[in-house]
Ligand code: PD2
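This document opens with one chain alone, in structure tokens, the form predicted on its own.
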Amino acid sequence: MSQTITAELRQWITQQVAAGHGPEAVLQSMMASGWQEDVALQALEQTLETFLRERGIDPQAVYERGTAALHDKPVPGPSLQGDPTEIDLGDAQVQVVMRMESPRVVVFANLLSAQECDELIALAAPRLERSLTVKTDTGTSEVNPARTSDGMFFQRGEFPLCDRIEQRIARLLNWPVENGEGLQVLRYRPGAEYKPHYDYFDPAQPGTPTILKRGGQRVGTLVMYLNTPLGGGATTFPDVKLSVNPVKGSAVFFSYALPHPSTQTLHGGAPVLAGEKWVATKWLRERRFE
């Protein structure tokens, strides 16, 4: 009895690989489900070739090294050879306050000046609305009770200030300006929070392919603090018990080579206990964001 390699099978294989399962595990699962070995191998090889090359990953490396090779994918990040305490970006001297390898987290001080923070807040304030979250089952957005902030998006380079900050981020993280989404500014009032979540788009959700058409997966996040709240509002990473306190002009960066919990990039915004918290978020994509 012949078996046909269907679009549904390819999608399932893609989801398994994106979730971090190695080729041997996927093959064994297919055979346990009744797929003939030769058909399963053909489907796996064809699907892996497309999936990995679209993400700049050598398929042979995955076959040879397993899922560890998936983490070799290029992602944004600062140049930290020599363990520098300061990075000269031309228009700013940025201090490296803390770094972590797993997850890939770096905390910077003085990425933005006090004046830049104040100007960005002033530009954003008239356009604030209740923050939305992406619905990966449809590719649209919705109000989510897990996110109780107000926010807005700037177009990339919309104002000279935005362009200057985006160019600085590109130099800091060695990632093209055009691969970044526009800056998002958020205001958290007392009690407001953003419960722990991932920034990448879940490959298993049906709306994700539509979202990815605009520039591929998110691969990095930079959260810049535009003020110092009177209390609370830390950026938390529950998997590694890390909290980053919001300090005006500083920022926390983290990257994720895979859209999978194994990156340990689960993070959230703890409730603001006193005053307000203002942040500007920059999400970085695999490719040019349109």
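Computed from a prediction, not measured in an experiment: that's the story for all the values here. All residue numbers are counted from 1 along the displayed sequence.
Same protein, other form: the form predicted together with the named molecule, not shown, and the subject of what follows.
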{"property": "Segment assignment from 207-215, 78-86, 109-117, 192-200: heavy atom within 4.5 Å of the named molecule in the predicted complex", "result": "192-200"}
{"property": "Distance check, V223 to the named molecule in the predicted complex, heavy atom within 4.5 Å", "result": "yes"}
{"property": "Heavy atom of T148 within 4.5 Å of the named molecule in the predicted complex", "result": "no"}
{"property": "4.5 Å heavy atom contact, T235 to the named molecule in the predicted complex", "result": "yes"}
{"property": "4.5 Å heavy atom contact, Q184 to the named molecule in the predicted complex", "result": "yes"}
{"property": "Of P23, P271, G275, G268, the one that lies within 4.5 Å of the named molecule in the predicted complex (heavy atoms)", "result": "G268"}
{"property": "Candidate spot F154, L161 and F289, all three touching the named molecule in the predicted complex (heavy atom, 4.5 Å)", "result": "no"}
